[in-house]
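Quick setup: one chain, the form predicted alone, written in structure tokens, and binding and motion questions come after.
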């Protein structure tokens, strides 16, 4: 089997609403096979309309969860932890409504600077409490997802975006502690480039526990125009037998003068369909080469 390659909806627009359905045709014309949507907040999208619009262009859907300080499994605030679990259950329900099988993201919560929470030292006792809160919440969420036929993908983020799971090993520690096949690891090469010593080795270590994958350059540009070793990544993906979806998230724009806040999402200022198509073709070629060599 070959991996389906898709694109995050934020490549085109954020928030993503009915007015953006035209991008389904753009994505398909660029060779994409699915679109990864942020889990819709109330009133953002209609499940039936969205499924029909995507299916009209032969696109599947994948979901990316959105956590914040008010819905955070790792929070010392019990209300925030309860809201975090309720949100994950909502993500599962939304997935069922949209016909989505995978919901990925930093499901544990604990957002840092982008959420206005500065990094701070955490002592051993506090770390253990947070780990237990996260595992308990995800145990409940994974059981709920399993009953609904949905897979949750836990994504480690770089040190500037969370202080719970930064490396592949961190994610696997949590996944293994939960011990439910409805929860696996979701790996993103943008974050791995900063936090994992060896991206390919980390993929191999995740193995069958990897349930979703995001292929991103070191600078958030298009796959193939940065320094990530894609042949090595492709060989690792093939070696572990991962045949699931691979999402492209090229957020880097080419109109970035000094002083621009590149950490914040910026809308595209021109049509980038050709670059997206070339990015997908480059990754497919790397994967095809790895399969032939296996």
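Everything quoted here is computed from the prediction, not taken from an experiment. Numbering follows the first chain given and starts at 1.
One more form of this protein, predicted in complex with a further copy of the same chain, exists but is not displayed; see below.
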>> So in the predicted bound form, is a further copy of the same chain close enough to residue 119 to count as touching (4.5 Å, heavy atoms)?
In response: yes
> Counting only non-hydrogen atoms and a 4.5 angstroms cut-off, does residue 173 reach a further copy of the same chain in the predicted bound form?
Replying inline: yes
> Just to confirm, residue 190 within 4.5 Å of a further copy of the same chain in the predicted bound form by heavy atoms?
Replying inline: yes
> Is there a heavy atom of residue 227 lying 4.5 Å or less from a heavy atom of a further copy of the same chain in the predicted bound form?
Replying inline: yes
> Judged by heavy atoms and a 4.5 Å cut-off, are 197, 256 and 259 together in contact with a further copy of the same chain in the predicted bound form?
Replying inline: yes
>> Counting any non-hydrogen atom inside 4.5 Å, which residue from 127, 148, 208, 181 sits next to a further copy of the same chain in the predicted bound form?
In response: 127
> Quick one: of 101, 219, 204, 89, which gets a non-hydrogen atom within 4.5 angstroms of a further copy of the same chain in the predicted bound form?
Replying inline: 219
>> Looking at 76-84, 89-97, 165-173, 208-216, which stretch has residues with any non-hydrogen atom within 4.5 Å of a further copy of the same chain in the predicted bound form?
In response: 165-173
> Which residues, if any, of 56-77 lie within 4.5 Å of a further copy of the same chain in the predicted bound form when only heavy atoms count?
Replying inline: none
